[in-house]
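Next up: just one chain, as structure tokens, the form predicted alone.
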């Protein structure tokens, strides 16, 4: 169950078996059922979450009750609200499971312990946050400057095979288009 996490954490820094043991001791395994929340709006984010198996969605709900999906989380992805996690402020996001999902959680205190016991993990998480910032900035730019078909094409490149795992209306929400527009784009690209 910890192998995918160790592999992920080894992407930017090599880990010894002793360091891997320390990491494993600081993460907690948890299973969630489909439709179960990992995080709900108004709660404080207590964990950074690594997905071992399953699919999640991170979304906000506007004043009209409309969902706006900001991220899908798949195997080997990290999910959470970093702002809430770091500041202790209530989150504006919901994260729920679109499939039965298995995750590994780490608390803020245990993350600090990890940084102390395995200092190279600070480098890993710094690089990971830099990459997430770049991805977020690119997504924002794409939503402002690219057409819906271009955004759909980028989405499919970023999330290959996700169409078999996620409902069409959720993909449309992520892209900021209607389900009808998504159907039209798909029929034109075939």
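Here the structure is a predicted model, which means the values were calculated and not measured. Think of the rigid core as the biggest set of C-alphas that the two forms share within 1.5 Å after superposition. Numbering follows the first chain given and starts at 1.
Missing here is the form predicted together with the DNA; even so, the following discussion is about that form.
Student: Given the stretches 40-48, 22-30, 146-154, 118-126, which is the single one in contact with the DNA in the predicted bound form, using a heavy atom cutoff of 4.5 Å?
Tutor: Going by heavy atoms within 4.5 Å, the stretch is 146-154.
Student: Name the single residue among 36, 130, 137, 66 that comes within 4.5 Å of the DNA in the predicted bound form, judging by heavy atoms.
Tutor: Result of the distance check: 66.
Student: Does the DNA, in the predicted bound form, lie within 4.5 angstroms of each residue among 4, 13 and 16, using heavy atoms as the measure?
Tutor: Not a single residue of the candidate spot has a heavy atom within 4.5 Å of the DNA in the predicted bound form.
Student: Can you tell me if residue 189 lies within 4.5 angstroms of the DNA in the predicted bound form, counting non-hydrogen atoms only?
Tutor: The answer is no: residue 189 has no heavy atom within 4.5 Å of the DNA.
Student: Does any residue in 162-179 get within 4.5 Å of the DNA in the predicted bound form, counting heavy atoms only, and if so which ones?
Tutor: In sequence order, 167, 168, 169, 176, 177, 178, 179 come within 4.5 Å of the partner.
Student: Examine residue 163 after superposing the rigid core and state whether its CA is displaced by 2 Å or more between this form and the one not shown.
Tutor: Yes, because once the rigid core is superposed, the C-alpha of residue 163 moves 2 Å or more between this form and the one not shown.
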